[in-house]
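This document starts with one chain, in the form predicted on its own, laid out as structure tokens.
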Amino acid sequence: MKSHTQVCVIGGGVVGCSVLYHLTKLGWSDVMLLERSELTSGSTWHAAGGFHTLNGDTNMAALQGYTIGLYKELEALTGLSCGLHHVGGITLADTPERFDMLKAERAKHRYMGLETEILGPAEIKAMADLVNTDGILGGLYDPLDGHLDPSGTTHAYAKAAKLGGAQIHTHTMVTATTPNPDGTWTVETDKGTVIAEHLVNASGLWAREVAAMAGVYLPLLPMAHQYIVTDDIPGIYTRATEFPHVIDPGGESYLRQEGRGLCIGFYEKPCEAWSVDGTPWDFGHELLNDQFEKIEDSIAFAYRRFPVLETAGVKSVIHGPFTFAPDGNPLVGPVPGLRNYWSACAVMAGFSQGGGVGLALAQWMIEGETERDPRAMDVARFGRWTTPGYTVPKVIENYQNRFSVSYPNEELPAARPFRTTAMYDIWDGMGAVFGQTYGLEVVNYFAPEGAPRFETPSFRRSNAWGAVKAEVMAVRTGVGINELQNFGKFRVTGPGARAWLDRIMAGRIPAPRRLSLSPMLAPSGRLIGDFTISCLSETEFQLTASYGAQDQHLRWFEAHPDPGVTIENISDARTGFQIAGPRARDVLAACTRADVSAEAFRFFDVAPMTIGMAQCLVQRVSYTGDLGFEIYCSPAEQRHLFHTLWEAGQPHGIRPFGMRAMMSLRLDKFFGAWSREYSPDYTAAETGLDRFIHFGKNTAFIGRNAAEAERATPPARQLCAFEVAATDADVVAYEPISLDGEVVGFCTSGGYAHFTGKSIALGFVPREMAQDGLEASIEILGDHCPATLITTPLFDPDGARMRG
């Protein structure tokens, strides 16, 4: 075993071997993999081996599509068989809500170019005759679904990696990993020591233990999963074609052909977390004891849906553990706080996602960014506040809901409330209905007195409709107050602060006591941040952006340091409120001696002020698109600040509002939102954020070359707003936009703009089509709704009220 390597991958399952192969595919040959036992040990060897493209996140679905397409390439490259069975798959819907979900997924697939289709019960019966279609409303058919041989596929990845120069060492156990001052890692094993420039944790069931060697906690947990293989079934082995995959979410099961019989697995409600306190090092090729009692109800349901099972004998039972993250997606990417340490863990659907995960991680390591927006699987999405006490109930909840309907407005209850602000009990007393962002309880809306304190999950307009409308109207006609905790906030200080920001941010760095808006770009020109920059002095700045992206942003800042510059994450150390609406200035003036007149405190001004007794930082800006102020204070003074503003607002009818109202208010102005209109999938020029790029500054800011190129040659697509003739459901995201029956674009977000009474969608269309009045259609839950492109904001189009 060599003593130095560019990359050391720990873990020889399908994911580790995929990472190793993709590193060689992209040009790095000085790479090695260490496996404490044999390849496939852990979860890979006993996997059911199914693969599919269906995923709620379109980028994950695309990576799954890449994975499936890769298998034939691996076979051609290595001469090894992956045991491919492309049999197609049907996901059944037995409720209107589940059918809505499938129609929404089919709409996404239309713009992604995936050839899925909605089937009726008769079509399902013709394709899968052993399915009892009683109670079935329809299904979603995907021709790419299938299954493979887990061992053969893993060894194909491994051989392909070796052909590219990689080394694989089995029966080599890692005992310690230590960071070195130069960013390399010392990896100690029972066969010797290796110095690695980069370290990849692809350790599967042992990912927590390997991460602990580096002093970090990864939020994942193994769950015990059980599937059954039947004896021979005449209705199977006499068929002319192989039986398709069938997922029956109502019965928490998936079913496929296995040889001359069937294989059926369950995501049962009475599930079992396995090895909560750590995976034994001597585990690897064992199975767990059969536990039919926990799947009794699921089996009884399966007998009704697939009657042939009731008389089929059981050939074998496979009961083994595999790992989940709290939301079911993988944990991939550079681990925050560590240099050159990478995660490729919690890939519970390894044969659907393993290829895409390997590709994305290799791109991230070699090219500095991924081809597709990685946020759905970014290891940084959970932050450093997670603990086993949080992870265990969230993973159990995710497992139990694996086949449940996933609603766009759903807020799952496990491990909540966990992180709260000083305002939690006050909001609760006012009837708050909470959601959560990055583990933090955030008000979605305030339920009227006597109304349920729960938003009904739905693809259509929910029971929150009336309450949200009232909050929107309160802001537009008087004044509303909303908490500011759920913004990511950073303090940048030092003599080099301005120069550093000029390099990191593409926009103008403001003068003292002023703020500016700026995109933050990757070298490719794609967006990795959408920031408000506030200059408090020449040596102190505050940056404000997405709360949920704070660890991703801090990781980027720390990867691009300058001497004499300090960056602190103060997201939870600085909090406060925004007040917005035509009476907002009256409220502020009533509780400070500072001059907040329009002449003295202009739009985009920043100033320290004493509000009541609290020392605050006040910014003249509001995401509502109305006259508004952001008021920041310390957490210890937050309750006092609230009572001061609340009392001053009483003569003006002040009312609290939540995030549902905020997202409605922004639609009046066509304001984009981070993770929707603005994300690493898009560039500044595509989204219109290029208007905030300061091309005149004499700085080689990151992404400048790409932004200049798009300035010279505008991109092919453009973000636009549409008024939609919707009925009881509005755009959520990724609905296709069609012109004359042809898909030409897709939506990024939408909803109902309560103040103007219009259903609004934001989305991309070809630039040459982006003309006011364009008549198109947008598919919402299977209905093709007429949509008209509009270019003039519905509220305060000239910004007179916002800037006044």
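Residue numbers run from 1 along the displayed sequence. Here the structure is a predicted model, which is why all the values come from computation and not from measurement.
Not pictured, yet referred to below: the form predicted in complex with a small molecule.
> So in the predicted complex, does N55 come within 4.5 Å of the small molecule, heavy atom to heavy atom?
Contact check for N55: no, nothing within 4.5 Å of the small molecule in the predicted complex.
> Heavy atoms within 4.5 Å of the small molecule in the predicted complex: does A47 have any?
A47: contacts the small molecule in the predicted complex.
> Would you classify T370 as touching the small molecule in the predicted complex, given a 4.5 Å non-hydrogen atom cut-off?
Heavy-atom contact with the small molecule at 4.5 Å: absent for T370.
> In the predicted complex, is there a heavy atom of the small molecule that lies within 4.5 Å of any heavy atom of R660, even though the partner is absent here?
No, R660 stays farther than 4.5 Å from the small molecule in the predicted complex.
> Mind telling me which stretch in 542-550, 440-448, 207-215, 709-717 gets its heavy atoms within 4.5 Å of the small molecule in the predicted complex?
Selected stretch: 207-215.
> Just one of I318, A590, A470, V308 has a heavy atom within 4.5 angstroms of the small molecule in the predicted complex, so which one?
Flagged contact: I318.
> Which listed residue (T748, Q64, S41, S759) meets the criterion of a heavy atom within 4.5 Å of the small molecule in the predicted complex?
By the 4.5 Å criterion, the partner-contacting residue is S41.
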